[in-house]
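Starting off, we have a lone chain in the form predicted on its own, written out as structure tokens.
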């Protein structure tokens, strides 16, 4: 009888995990992020030296991702994933804008960002700005970042690792978690590309 109880609990746990996986793949907008790109108020410089704002992204679907060039694993892995997603989507994603916002502006100059993003899909843009503008961008995304370590040169940056997806009208679509399986990530990107403007 005890074995049957354990078996029943195991089946219930498996069903719960499948339900969580399904919810993660179909969710479209968490209740705490009803924003639009047009409502964000920050200004940065892209890796080509141009002044840029979130309003420049309007009219195209967009991905925003926080990171930094000295990141040992999360950032290059995520940008490689994004490159893979874009390749898999082909012409469907030809208008997608991908913005990599540095949380380490003191080291990540536009020149440093230009070299870094050159290793990924050509649609990846590197944006760098003052701490004040960075803080406004992070607050708008309901994200977080913090410096780890007191050394002036050797330090790390903890940061939110989600990829934030926006529709072409600037409305928020959903986010993709770090290391989210490709079979969940790609449908989310497709929905952001294909959903009608709101």
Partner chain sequence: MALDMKTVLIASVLGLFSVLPLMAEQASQVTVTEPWARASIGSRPAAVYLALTNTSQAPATLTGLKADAAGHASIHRTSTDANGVSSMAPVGEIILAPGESIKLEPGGLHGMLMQMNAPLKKGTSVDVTLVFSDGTEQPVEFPVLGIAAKGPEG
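Treat the numbers as computed from the prediction; the structure is a model and nothing was measured. Positions refer to the first chain, counted from 1.
Here the subject shifts to the form predicted in complex with its partner chain, a form of this protein not shown in this document.
Counting any non-hydrogen atom inside 4.5 Å, which residue from 161, 57, 134, 40 sits next to its partner chain in the predicted bound form? Filtering the options by heavy-atom distance leaves 161.
Segment that reaches its partner chain in the predicted bound form - one of 125 to 133, 149 to 157, 165 to 173, 48 to 56, heavy atoms within 4.5 Å: Heavy atoms within 4.5 Å of its partner chain in the predicted bound form occur in 149 to 157.
Residue 96 within 4.5 Å of its partner chain in the predicted bound form, heavy atoms: No, residue 96 stays farther than 4.5 Å from its partner chain in the predicted bound form.
Would residue 73 show up as a contact with its partner chain in the predicted bound form if we use heavy atoms at 4.5 Å? Output for residue 73 is yes: heavy atoms within 4.5 Å of its partner chain.
Is the gap between residue 178 and its partner chain in the predicted bound form 4.5 Å or less for some heavy atom pair? Taking the distances in the predicted bound form, the answer for residue 178 is yes, it comes within 4.5 Å of its partner chain.
Looking in the predicted bound form, any heavy atom of residue 36 within 4.5 Å of its partner chain? Output for residue 36 is no: heavy atoms all beyond 4.5 Å of its partner chain.
Contacts with its partner chain in the predicted bound form - residues in 83 to 103 whose heavy atoms fall within 4.5 Å: Stretch hits: a single one, 84.
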